[in-house]
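One chain follows as structure tokens, the form predicted alone.
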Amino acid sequence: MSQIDETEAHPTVMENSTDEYRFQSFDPDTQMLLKTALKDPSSVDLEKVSNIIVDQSLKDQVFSKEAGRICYTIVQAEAKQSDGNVFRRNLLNRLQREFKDREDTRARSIHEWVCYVTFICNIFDYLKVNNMPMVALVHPVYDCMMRLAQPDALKNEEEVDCLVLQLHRIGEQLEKANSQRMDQLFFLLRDGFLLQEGLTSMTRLLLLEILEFRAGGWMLSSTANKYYYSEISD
């Protein structure tokens, strides 16, 4: 993999205090380890740090949404400090192992599976190489999305909610990376919406909204926005 460009900045990342990160759920020693990794990554065991972040992300969905920003900060700090990518390599290796076990994870716990998808999509969104998504993550992320679009998953609102949230977040980037797979994914979603029986009214609403969102160039008109979000909040 090519080296991450040190000058990149993710639009939602600001130079700010590490206290802002969600470390409260960790014991004091782990909090200190993570805070040190953000500022001085060469002084800590980065494999241990990546495992702590992944382990927490798999059980805590709030943290899994935050984790991309934390990983981005550590990657940037390591690149500046030593031109290294030890943390990124360990993180990708661990993501790959979890990806191979994804069906077992889903069978064991839908919550853990949804946390994994949220986490890998978050990493896809934040970690860029030369301002482009990491090629190594494109197909795994698509495979997760395809799994969420299968008939059994569409019967589970937690999985549908995850799918729609991630497509709102990274759908446009994913489509640029591989439009053919996005077409395949949306064939599944359209068929699910039109043909599958036993879906809840909320699932149908979410599917219709995401179909319209992509059809509108990954945007919703203000009328559509008002319609869907008033329905969802009712």
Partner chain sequence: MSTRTPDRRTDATSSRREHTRSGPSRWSHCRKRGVDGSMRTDEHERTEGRHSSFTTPESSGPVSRCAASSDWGSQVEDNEMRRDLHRDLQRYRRRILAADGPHRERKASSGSSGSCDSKEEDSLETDEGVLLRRQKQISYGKNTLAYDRYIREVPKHLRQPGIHPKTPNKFRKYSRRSWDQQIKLWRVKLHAWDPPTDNGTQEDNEEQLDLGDIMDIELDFPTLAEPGPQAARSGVMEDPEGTGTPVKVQRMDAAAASDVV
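Numbering follows the first chain given and starts at 1. All of these numbers come straight from a predicted model, not from anything done at the bench.
Just so you know, the form predicted together with its partner chain exists too; it's not on screen, but the next bit is about it.
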{"property": "Interface residue in the model of the complex among M145, V160, I120, V114, criterion: non-hydrogen atom within 4.5 angstroms of its partner chain", "result": "I120"}
{"property": "Answer option from M134, V164, A153, A77, heavy atom within 4.5 Å of its partner chain in the model of the complex", "result": "M134"}
{"property": "Complete contact of N85, Q96 and P140 with its partner chain in the model of the complex (any heavy atom, 4.5 Å)", "result": "yes"}
{"property": "Residue contact check: R106 to its partner chain in the model of the complex, 4.5 Å heavy atom", "result": "no"}
